[in-house]
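Only one chain is given next, in structure tokens, and it is the form predicted on its own.
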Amino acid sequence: MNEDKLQVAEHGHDEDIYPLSRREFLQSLGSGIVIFFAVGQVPTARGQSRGKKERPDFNAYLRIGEDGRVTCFTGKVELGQGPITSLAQTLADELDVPLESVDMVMGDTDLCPFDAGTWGSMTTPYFGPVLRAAGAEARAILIGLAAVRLKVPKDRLAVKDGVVFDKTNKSQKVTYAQLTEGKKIQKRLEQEPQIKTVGQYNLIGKPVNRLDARKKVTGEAKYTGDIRIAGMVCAKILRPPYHGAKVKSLDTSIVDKIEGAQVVRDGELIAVLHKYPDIAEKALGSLQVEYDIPKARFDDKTVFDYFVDNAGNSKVTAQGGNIESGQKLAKYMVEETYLNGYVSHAPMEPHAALAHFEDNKLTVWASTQTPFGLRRDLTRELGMSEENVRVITPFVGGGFGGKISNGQAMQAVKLAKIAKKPVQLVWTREDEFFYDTFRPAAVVKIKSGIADSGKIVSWNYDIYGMGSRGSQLFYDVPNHRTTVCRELKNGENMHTVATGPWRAPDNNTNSFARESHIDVMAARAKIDPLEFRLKNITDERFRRVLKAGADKFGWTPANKTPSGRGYGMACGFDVNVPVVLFAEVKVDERTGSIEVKRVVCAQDLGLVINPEGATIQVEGCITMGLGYALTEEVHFQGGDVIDMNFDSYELPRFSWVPKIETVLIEADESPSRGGGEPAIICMGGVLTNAVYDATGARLFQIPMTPERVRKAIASRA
């Protein structure tokens, strides 16, 4: 594969390559070595494996070309979280090649093998080890070829920067490019090769700047909205005024007179198409439409009471011991209710898609976290075979769980099929707030008991409106029960708007509730919050993180609680990562405004592939977490979403960002874990606790808007 095609293949796909199927593409590669591998048997850093013993179908492959360049083809996508760098870094280390010689081809269903999607912080812990194994396998094959070519035993050979050489005579050498020239070798990874261990790494564990940074800073990077093809028109969607509204009548007469404009309808989906998006937008406003609007059941103020008062059956998700027995052991009983509203994903890049039918083939460029999931949904919707549906994922400007369901791509495809021309759809910001899923509003009720010793002896935890991720106890509580209720008495979903995963789904709310409650309990028992947590956490891995974070922050017990210092802390556990945040805030009691001055994050990610990337993820999590903790909240009346843009839905600003310090626990012998989500889960809890320490006012609902802060201060005991 020549250099200019590689540059295209990285993310900017064009007509030079998109007609090829993967089979045709593989056949066209010519000489070189291709290693196929799958996330089935997962080698760990210690060389052990987890998972099924049988070999599944491959879901990625790498190729070493006759030019010596290494290309990794994977169904994972680059959402801004950095796998285009960390995966390349991983592969380069195992292959012993320069990082700049590795190219990543990601998220193309014709060129890349199947992948379930990029979500859940799973790329590093699940895909990374197998990529390492494939790199080690390729390296072993090349050493074997070199041994024959150089007439040297394999154990006398070493590799550096893609050159195999005789350790006893370094002038005896051959490059990877020379070894692959004229050969076409395809091999499946069927057994565990010898991957590197601690002390052998050249790139793993070293801070590396983002490989896509220059393209993104200069504007060279292509996103779905940047793609242009011949004959393309732009679509603007007629957005209903209310979720659940149905069209009663539609008058298109004014739009029909606009040259080049076309109204397309597929049931409730109505759009105006035009070559120019601004004309399509203007024409959309000329449509005359009437709707049937359903009656509102609740709004953003009454939603929490509605959930609890109309809750159906709860499901027990975790339990141990006996709650009633634990309560009898308690010296103090603490019972509180915690509330959290709907939150938008609000990605910088709105949902976008470009759909093009040509002969019996459909190609869709989409801003998506799940290109293969989208292909599956399209084949079902259209009755087409998978071979005739191709999804290409350029760079994606943020997802956070919101670009999994692919509603915009389905809309674009329906419009393109009816219009019989390529259609590009880029949601407006108002479309984004209406059509995208929200993080669900939820209620958490906690009733707990503390013994005279300061040990938690009883923990009853009830969730309404969301799931249990993050509710699992890492505190040692002998008597506990967790229940989840997500349906009404009539069996209907609690929510009238669409909800879905939002960066560490459910865990943000669960960690806010739990860690707020832990602080309430510590205050009731008159024990320092850090001491109280250490007293009730025995897991040594977690205690190590907790102590490291406290040491970095400089936590010292206060003479009284609240201390007036504005210090807070919160612990969390997500995707097998223990994380602790410490924060310092300043509260203006007159205005209710909160200034976050400093945040320290400590977490155990196991073997850290790219410390620079991991640190950036922490900083991103903390910055994003400022939003849901302080301002972000969707206001609505039934299905009428009131916040439709950033004039009323307030995101964190650069001026809000505190000093952020990151502690990455050294654990190179442990498997790598994902760092894209854990640091965000504690932001609600740590800031609530810090505000209490600063003012003596406890807030039980986030976001902590100035109005809520003032109200809490006015009502404090």
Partner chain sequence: MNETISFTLNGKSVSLTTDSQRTLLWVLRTDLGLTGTKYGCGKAMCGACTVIVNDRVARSCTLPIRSIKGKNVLTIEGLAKNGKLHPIQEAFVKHDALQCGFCTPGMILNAYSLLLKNPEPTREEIIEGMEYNLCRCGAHIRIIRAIETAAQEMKGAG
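Everything numeric here is computed off the predicted structure, so don't read it as measured data. Residue numbers count along the first chain shown, from 1.
Only in words, not in the display: the form predicted together with the partner chain, which the text now covers.
Contact with the partner chain, judged by heavy atoms within 4.5 Å in the predicted bound form, is confined among 534-542, 150-158, 223-231, 301-309 to 223-231. The contact residue chosen from 397, 562, 240, 422 relative to the partner chain in the predicted bound form is 397, the criterion being a non-hydrogen atom within 4.5 angstroms. The partner is absent here; in the predicted bound form, the one residue of 210, 524, 414, 361 having a heavy atom within 4.5 Å of the partner chain is 210. With a 4.5 Å cutoff on heavy atoms, residue 515 does not count as touching the partner chain in the predicted bound form; it lies far away. When contacts are judged by a 4.5 Å heavy atom cut-off, residue 615 counts as touching the partner chain in the predicted bound form. Among heavy atoms of residue 595, none comes within 4.5 Å of the partner chain in the predicted bound form. Mapping the unseen interface onto this chain, residue 348 counts among the residues with a heavy atom inside 4.5 Å of the partner chain in the predicted bound form. The candidate spot formed by 324, 329 and 665 is out of contact with the partner chain in the predicted bound form: none of the three has a heavy atom within 4.5 Å. If you take 412-438 and check each residue for a heavy atom within 4.5 Å of the partner chain in the predicted bound form, you get 427, 428, 429, 430, in sequence order.
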